[in-house]
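Presented as structure tokens, the chain that follows is alone, the form predicted on its own.
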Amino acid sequence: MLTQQHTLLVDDEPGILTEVSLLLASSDIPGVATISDSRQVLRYVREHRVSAVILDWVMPNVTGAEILQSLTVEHPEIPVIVMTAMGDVETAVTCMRQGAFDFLTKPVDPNRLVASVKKALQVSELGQQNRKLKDYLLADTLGNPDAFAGIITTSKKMRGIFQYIEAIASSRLPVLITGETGVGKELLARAVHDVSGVPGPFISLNAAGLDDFMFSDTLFGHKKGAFTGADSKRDGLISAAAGGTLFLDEIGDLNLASQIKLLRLLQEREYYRLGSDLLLKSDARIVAASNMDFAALRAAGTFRNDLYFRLCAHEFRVPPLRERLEEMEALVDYFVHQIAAQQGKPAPKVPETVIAALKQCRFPGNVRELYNMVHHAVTCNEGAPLSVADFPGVAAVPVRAAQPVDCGDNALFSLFGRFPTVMQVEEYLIAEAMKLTHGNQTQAAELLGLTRPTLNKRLKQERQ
């Protein structure tokens, strides 16, 4: 079984392995594995999931050049950063031509190395997401269907969102979910958390109406004595979400002062409690949601551009209910049975006329509004099938009587004495083609634009 590793560091000098490992760990680059014997590298990469390799160029046994060549052939998706004391242009050109992601000269500048590794990990992650999305599109499957079991839908758009969530599950970068009120953004945020498989909890905070003090105190916590009434220390929700997911709902309502503090948390993964000068680290993944138009907010200057681009590392829009009416029947049926069970009564039947009438509504409150409407209808119901009258404000769809169709001088009507079905026309064309070709199936198939096996199959079906 493959085990998860993010970065593999290869160098024959133990001192460099220790120094670079500590540098990367202090720069929030997790999961760094080290190898000093270059002969072990290829086997290690085959047995572990490696997102990036930092490779020394000059080593005994197997050289960096040989390893790079093998990696680019066997694992072209893994970015390789070459480190070497040979700083000549010829070596650099050779590395890049062989497929190296970057070339760094020893002694390596720490900032340059950290920036290069982070960029390599981002490239690797995007490639992994693209491969997953391609697999999902071709197979149309979900790897973790249980994570979406609480979301009732038959919509292809929603299934596409599920597949996107699975593709970004392994990423720890922020996720921004947009969509109108009541479309189910928090349910999808929980699905992001569940699919990612992180050990920590899912913690939610609604940012609407919070001033900067309340936001900071709720999110970051405070030190004892930080302000009047602070009789004890408060850890804050970001601490509670350690190792898990912090969901920030209505993020578009956040004031500018709070936006600056959130930006620092996203950029540095660091924060201070109120009244404390002790710098704390956070590993919680941030998932944010809003029903607002961020383009308009940014244009008006009420939402910072830099914060928006930090939040939307992964972004998707949840379509409103009126754009996925195909799931109306499944949603109503689910809500009816759920509400009836809660109230201890049998679930009333839902005629097609009710579904047709509900499909005509705009639903500005989306799924939440539909739930409230069904709740009212089931609560007031006395056991009879639901009717449109049980849904105040919903108009019945008028039923139009079928009008006879005047076929006039239509050739098909004249030929069959009535307007034929598709199957009848097909049988007639096959019979005529067989007559014209005197029973030659190959020629008849050519006339009909079919393959001979297909024609033979149709003929057998007619005889049955």
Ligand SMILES: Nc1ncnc2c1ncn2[C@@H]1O[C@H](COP(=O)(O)OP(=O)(O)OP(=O)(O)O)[C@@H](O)[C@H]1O
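Nothing here was measured: the structure is a model prediction, and the numbers come from that model. Numbering starts at 1 and follows the sequence shown.
Another form, the form predicted together with this ligand, is not on view; read the next lines as being about it.
- Comment: 182 to 190 is the region of 67 to 75, 182 to 190, 354 to 362, 212 to 220 lying near this ligand in the model of the complex, near meaning a non-hydrogen atom within 4.5 Å.
- Residue-level contacts in the model of the complex: of G243, G150, P392, P145, one residue has a heavy atom within 4.5 Å of this ligand, and it is G150.
- Interface residue among D102, D333, E315, D249, judged by heavy atoms within 4.5 Å of this ligand in the model of the complex: D249.
- Taking non-hydrogen atoms only, L307 never approaches this ligand to within 4.5 angstroms in the model of the complex.
- When contacts are judged by a 4.5 Å heavy atom cut-off, K156 does not count as touching this ligand in the model of the complex.
- In the model of the complex, R322 stays away from this ligand, with no heavy atom inside 4.5 Å.
- Within this chain, V367 lines the site of this ligand in the model of the complex, having a heavy atom no more than 4.5 Å away.
- Although this ligand is not shown here, in the model of the complex the stretch 260 to 297 places heavy atoms of just one residue, N291, within 4.5 Å of it.
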